[in-house]
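The form predicted on its own is given below as one chain in structure tokens.
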């Protein structure tokens, strides 16, 4: 199977700081990949390079066979890559419905079509009935759902979720995990998940990639990653190694 996303030797520098160094990974169609690592490991920077928020200084990024390394975020989104943000970026003074319609306008210039798609996705993500509410008045959990709905409105083939469950209660986290599973099962999207909650990301992911100090230090199935000595020392901690 040809990879949907191919990241080949991605390096991104900020002055003397190397945020990503020679990172290589691939995501297959319909695959859920967990991207983990300590704070400052370069996870969000890698998302930024994939989505066009930043451009890699070295290496190549391909999506569906097209070189997107130097493309802008709007063109990459149109090709089929959507993302959420570590810090929620809803349009606070706009309604919930209008927020999702903004995503839909990436695919259509017809207001009626954008509204229908937005309402359908609000129902899918559990936000039906919140259409007239200002986004600023939502709870954190609902703001994160709103971001996911807006991303889905662009009709992506790959969804990048940057800590979509951080700051949530256990019940809210369980509901968010269920939503991600439904997106995968019912919409058939490839998904890359950045998360710090290992009890969430490990059972959710088909494969896990681990970054540390901007470099990929491990990649494999979750059961292998939790037994990897390098990963345990760099990130997971002794409690994950104790039951090996």
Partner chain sequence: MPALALAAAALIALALPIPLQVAGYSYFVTVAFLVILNAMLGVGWNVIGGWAGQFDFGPNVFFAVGAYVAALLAVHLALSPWLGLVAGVGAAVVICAVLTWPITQLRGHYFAIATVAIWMIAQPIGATWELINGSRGLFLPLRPATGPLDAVVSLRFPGRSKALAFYYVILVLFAVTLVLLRMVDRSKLGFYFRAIRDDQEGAEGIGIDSRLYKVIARSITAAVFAAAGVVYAFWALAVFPEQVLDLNWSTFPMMATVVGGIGSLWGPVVGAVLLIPISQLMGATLGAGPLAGRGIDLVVYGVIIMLVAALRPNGLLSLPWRAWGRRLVGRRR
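Positions refer to the first chain, counted from 1. All values derive from a computational prediction rather than experimental measurement.
The form predicted in complex with the partner chain is left out here; the points below concern that form.
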For this chain shown on its own, do 53, 108 and 154 all sit within 4.5 Å of the partner chain in the model of the complex, going by heavy atoms?
yes
Selected contact from 116, 140, 94, 128, since only one has a non-hydrogen atom within 4.5 angstroms of the partner chain in the model of the complex
94
Spot the stretch among 120-128, 169-177, 75-83, 156-164 with residues whose non-hydrogen atoms come within 4.5 Å of the partner chain in the model of the complex.
75-83
Does residue 133 reach the partner chain in the model of the complex if we count a contact as any heavy atom within 4.5 Å?
no
Using 4.5 Å between non-hydrogen atoms, is residue 144 touching the partner chain in the model of the complex?
no
Quick one: is residue 101 in contact with the partner chain in the model of the complex, heavy atoms, 4.5 Å cut-off?
yes
